[in-house]
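The chain below stands alone and is given in structure tokens; this is the form predicted on its own.
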């Protein structure tokens, strides 16, 4: 990872598709003294993503790419990231799969948070699947992004107990609370490697 010199924080882009609750927790974390990152850009594939409001609230640049033409949008995105001198990417509920080519350009510098205990339940509908299989535990994972879906090296995980009356909504809520706690911890861990 990049070496921090003085108070220079690593310029980071957060990619979102929805409400941006992990984005908000990363922005708050980035403003603390111990944070090695600053959130300088918000990227979304969804122009209606509620999380884009945080760009206005915290005065952070934002860009929306719809990914209808993936290769064109990815090359535009790469030049935006370069222009903004972005060194690290945090995926936070970003619902598009990035190409191998894109990932290669940021090798080892893209993190993702996933709402399951990987390698279990990669992809979508994680809570539903965990409940259907009568799992006793679920949780969340922060991992490095590689070219295989939800398969990169795990940085940190948080395990939570599934209670008998959990629904996919209550389980999602419990796990999201933990996501907000472990994403900053994962970032600190990455910079201490």
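Just so it is clear, the structure is predicted and the values come from calculations on it, not from any experiment. Residue numbers count along the first chain shown, from 1.
Another form, the form predicted in complex with a small molecule, is not on view; read the next lines as being about it.
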query: Does residue 12 make contact with the small molecule in the predicted complex, using a 4.5 Å heavy atom cut-off?
result: no
message: Taking the small molecule as it sits in the predicted complex, is residue 18 in contact with it (heavy atom to heavy atom, 4.5 Å or less)?
response: yes
message: Would you classify residue 92 as touching the small molecule in the predicted complex, given a 4.5 Å non-hydrogen atom cut-off?
response: yes
task: Would you check, heavy atoms only and a 4.5 Å threshold, whether residue 182 touches the small molecule in the predicted complex?
output: no
